[in-house]
Every structure is written in C-alpha cells, then in structure tokens.
Ligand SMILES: Nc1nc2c(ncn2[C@@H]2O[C@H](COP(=O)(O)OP(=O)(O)OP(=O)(O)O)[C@@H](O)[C@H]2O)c(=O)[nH]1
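This document opens with one chain alone, in structure tokens, the form predicted alone.
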C-alpha cells in the first residue's frame, strides 16, 4: 500500500471518528437541555380553580402539566386536565364542601399524599383557586402549608406561586374567609397573585355578567400559560428560571394586568393598558420588588417594538427593582399585541382595609 493511500485512509478514519464524536456531543447536549428544563405544573383547586385549568387545557399549553382537584365529583368529571383528583371522598362523599373552608381543608388533608405524588417533581408549581368558598379556600391553604413542610429541606429549587380570585366586597362572609386565606398563603407561597373581582367590576362592568367573570379566568389562564411557555418552549425572548425566581421567591403579594393594542404603537398601547388596568389595587407601584413582562404579538411585531414596551414599564419602576421580560410570536395576533405585567412585592390597600362599623340607619322622615 502506497503512503498516499495510507494517508487518505487515515484521514477518512479521523473524519468518521470526528463525526461520531460530534453526534455524541450533540446528543449529550440535547439530553442536558431536556433534563435542565424546569418542570412546570398547575393545580386547580375547587370549582373556580378547575374552570381555569379547563380553560388552559382547551387553549393548549406547551411544557406544563395541568391537574384538577375537587371535592365535587360531578364538576370534576367535566373538568379538562392531564390529571383529575377527587379529594376527601370519605369526608364529603364527592358532594362538595357546601362553602365551608374547614371541610375543604379536611378533604385536602385526607387526600394529600395523592396530590403530593402528582406534584413532587415540579420546579414551578401554580396553585390556582377562587377564595371565599369551601374547597378552594381550605384546600389551597392546607396544600400550600404541607408543600412548604415537605419541600423545606429538599435540595431541589422550587417556586410555589399561589393564584387566587377574590369574591365581591359585598359578600361579607366569603370576603372574610378569603382575606384570612391570603394572610396564610403569603407565608406558605413564594408569591400570591391576586385577582380582585371588585376591580374586575370596575374594568369590565359593562360586559354581561358571565363574560365579566370570564375575564378573571382568562387573565389567570393567560398568566399561567404565558409563564409556562416562555420558560419551557422556544420564544422570541425566553424568561430564565433563575430570573423568575429572583422576582418571585419570597415576594409576597403580586398584582397582574393584561392589555391589548393594535396597529402602530400596539405594544406601547398594550403596556399602558396592562399597567392601568391591574386587577388588584396597589398603593404605590414604585415600591415594587420586581416586574415580569410577557409580550405576545403577530409575525409583524418587531424587536424594536418589544424593546420600547419594556422601556416604558421600566420608567414606572424604582431603579433597583428587578425587571424580567419575555416575548413570543403568535400568528393569531397579526397586527395586534398582548402584554401581561405582573408586579411582585406590592402592598394592597384592599388587604389593609379595616372593617367599618355601621351606625344606626336614620330614616328620612
């Protein structure tokens, strides 16, 4: 064999070896990327929570697991989720809690291990409920408390985010139960995102009753879906898990707003509406700890528009607040933009309102 032929064979062998190593490196990189993706789960508790999970399931969500939990077997049977859990079968016989939070707590306690089995591998866990009733109020408090105990000495980094709707202020008994639940959730969850139905009434009061209440479900659904997909799926600008943790870990109360815009200046208009139409009254936005911005737009949305939207929000925030943002292209939003703003670490005048004493009514005659 000539020296030239030998050299050519050796070169060919080295090229094959190099390609094999490249494929192995690529497979290793893909496996590492897959294993490093945070596991995102959302648990809807009670009737309102299950309705929101059903909304997200129908819309479709990439990269997240959806779980519905209820004491009402009939409602649970029509809920759409990746997994459904009837809690408190011995306690409630599948008939619900009758609006009593204590029974909701007992039901969750009875079935806590089954819920643990579903969520123990999560890195980001949304707990979704309507407060003021039985299953949602008692269930979310007990679950968040037990999760805090279970994960306390765990080496895995986790975020537990409570997402709750409030009853109307005139529902005195339900409002009392909701406020008591929030005070506990603040200690057990990293962040509690609150939707105030009285603010919803102010912003969507002209809509038919059913549609107005649907705004709250849609808002929460878009929040969970938006964060999940920007963390786990390829987007125009992705939100990093570490950044999300920086603004939501031990961050207390959070307020959310969603705005839409179209045509020229669509992103800026959507940002302004999201800031001005928040669904929780915040005393002073400039004291916020952090801000999460998620921008969605059609294929015509430019990076410059996204940048201007982010800069507009930063003007409202104190210099030291952490601002993170993500953006994705949604072909259904051609010519339009939708912006979600979540402001963490805020004080709400609603939660500090003291009960007013009612004096005697004076008749006008």
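Numbering follows the first chain given and starts at 1. On a predicted model such as this, the values are computed, not experimentally measured, just so you know.
Quick note: we don't show the form predicted together with the named molecule, though the next part is all about it.
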Taking 4.5 angstroms as the heavy atom distance cut-off, pick the stretch from 114-122, 153-161, 127-135, 247-255 that is near the named molecule in the predicted complex. 127-135
Does residue 290 reach the named molecule in the predicted complex if we count a contact as any heavy atom within 4.5 Å? no
Is it the case that residue 295, even though its partner is missing from this view, gets within 4.5 Å of the named molecule in the predicted complex, heavy atoms only? no
Examine residue 217 and determine whether its closest non-hydrogen atom to the named molecule in the predicted complex is within 4.5 angstroms. yes
Using the partner position in the predicted complex, report whether residue 176 sits within 4.5 Å of the named molecule, counting heavy atoms only. no
Of the residues 144, 197, 228, 191, which one places a heavy atom within 4.5 Å of the named molecule in the predicted complex? 197
Heavy atom within 4.5 Å of the named molecule in the predicted complex: which of 80, 240, 89, 171 fits that? Just give me the one. 171
